[in-house]
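Here's a solo chain for you in structure tokens, the form predicted alone.
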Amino acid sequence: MLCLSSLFVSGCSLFYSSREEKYDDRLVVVGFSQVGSESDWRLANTASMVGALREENGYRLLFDNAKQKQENQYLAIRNFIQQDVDYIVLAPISETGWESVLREAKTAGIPVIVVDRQVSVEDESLYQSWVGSDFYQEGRMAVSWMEETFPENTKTLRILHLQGTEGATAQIMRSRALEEAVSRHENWSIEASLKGEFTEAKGYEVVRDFLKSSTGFDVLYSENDNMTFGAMRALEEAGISFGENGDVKIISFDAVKKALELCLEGKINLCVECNPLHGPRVDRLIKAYEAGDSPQKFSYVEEICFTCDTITQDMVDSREY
């Protein structure tokens, strides 16, 4: 039985001496290496995976929380290989550094499904498939909103860029979309790019420190909701207004329920959706492979964005995460 009480914080890994002792042959055994529990999005992602890959649905799930350390993910994957799992599901901390351990899994004949962030490897046969969000398109949606909200005759548009974990696909692509837009608009400038690591505490810390010497900015481009929550606290402490009627407009990514509530209140101007509910998607992929089918290599999730003008209470109430 999975250790649900400690799942989101410490993880739960089970070790056995032989496959006959540890598994029911009727179940598909899956080892899942999760980034950690750094954000509301991540907790919802874990809950979705655990809910879909449960015993009642035909699975035996071995879960490991990497606590934001890539070396922990290497260890988890090697443990899964030793435990002779049927599939490995990997939510990678960063894109690079996966060739060796994924080759070990391939040599052992264990298919790897990558979720959320991507991996950058020369040999794409090292993993079976990937499912997640189009982070670049998310960034482009945010940029389009800025272009509509701040016309070309705006004198200047000063942007504070709050980045997620360096090297993560979401950080790379959301940053790329913004940087490309700034290069196209002569009146746009990035006042600073701060490393918030996708956590509320770090988001608060770096924005608080920036505001001690800042000359001001017009837009906060925050690459996830939890960093946004921390940044909002720092802005409040500095006496800077934000949101629909404030001096600073806020763009936030993920669109978890708390962020949508703040958008409805007019405190966040734009919420760009990043859907974390990948569990059922992974379940469908595994069932397709088990049936001998060949699903497409990359599966992108369709997503939208929300503004103060378009969001409703019903949308907030219906949010699952």
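All figures in this text were calculated on a predicted structure; none of them were measured in a lab. The first residue of the shown sequence is 1; numbering continues from there.
There is another form of the same protein, the form predicted in complex with a small molecule; it is not shown, and what comes next is about it.
Here the chain stands by itself, but in the predicted complex one stretch of 79-87, 102-110, 141-149, 115-123, 115-123, has heavy atoms within 4.5 Å of the small molecule. Within this chain, D283 is remote from the site of the small molecule in the predicted complex, having no heavy atom within 4.5 Å. Taking the partner from the other structure, the small molecule in the predicted complex has a heavy atom within 4.5 Å of a heavy atom of E38. Proximity of A170 to the small molecule in the predicted complex falls within the 4.5 Å heavy atom cutoff. For F135, a non-hydrogen atom is located within 4.5 Å of the small molecule in the predicted complex, even though that partner is not displayed.
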